[in-house]
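So this first bit is one chain, no partners, the form predicted alone, shown in structure tokens.
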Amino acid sequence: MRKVITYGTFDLLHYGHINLLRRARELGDYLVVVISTDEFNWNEKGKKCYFTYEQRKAMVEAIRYVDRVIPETNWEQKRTDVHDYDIDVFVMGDDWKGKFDFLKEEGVEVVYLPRTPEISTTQIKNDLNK
């Protein structure tokens, strides 16, 4: 079984998120999605989410491409997650290109997928504020 992992906040879930999850799942047989907790988003990223971690987790778990959802509580856990969950492929959006290449040293393939260009959570927030 080929296992894939990806990370994100997944606040204001939209079709760009769904595209990313679908394409990530196409790279393997089992998809683990790691969602940033509310505390991690606020303390490390300076972001406040509209939906709580538990709400975001429930939404992502309902997506058919997703097999498991776990919390992200710190930047360093990526290195241990790939081992703890026996991951073969690490996937992120291409806006992170090169940032996680160090995981190749852990024996996983690192793939940066193109974002869906016409949509983003930031864009949704900006459009709603107009």
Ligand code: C2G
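Since we're looking at a predicted model, the values are computed, not measured. Note that residue numbering begins at 1 and tracks the sequence as displayed.
Omitted from view is the form predicted in complex with the named molecule, to which the following refers.
Trainee: Report the stretch among 101-109, 81-89, 39-47, 62-70 that approaches the named molecule in the predicted complex to within 4.5 Å, counting heavy atoms only.
Mentor: Result for this chain: 39-47.
Trainee: Can you work out whether G28 and the named molecule are in contact in the predicted complex, taking contact to mean some heavy atom pair no more than 4.5 Å apart?
Mentor: G28: no contact with the named molecule in the predicted complex.
Trainee: Quick one: is E54 in contact with the named molecule in the predicted complex, heavy atoms, 4.5 Å cut-off?
Mentor: The answer is no: E54 has no heavy atom within 4.5 Å of the named molecule.
Trainee: Hey, in the predicted complex, is R115 touching the named molecule, heavy atoms inside 4.5 Å?
Mentor: Result yes; R115 sits at the interface with the named molecule in the predicted complex.
Trainee: How about R22 - does it come within 4.5 Å of the named molecule in the predicted complex, if we only consider non-hydrogen atoms?
Mentor: Result no; R22 lies far from the named molecule in the predicted complex.
Trainee: Judged by heavy atom distances of 4.5 Å or less, which residues of 1-35 approach the named molecule in the predicted complex?
Mentor: Going through 1-35 in order - heavy atoms within 4.5 Å of the named molecule in the predicted complex - the hits are Y7, G8, T9, F10, H14, G16, H17, L20, R23.
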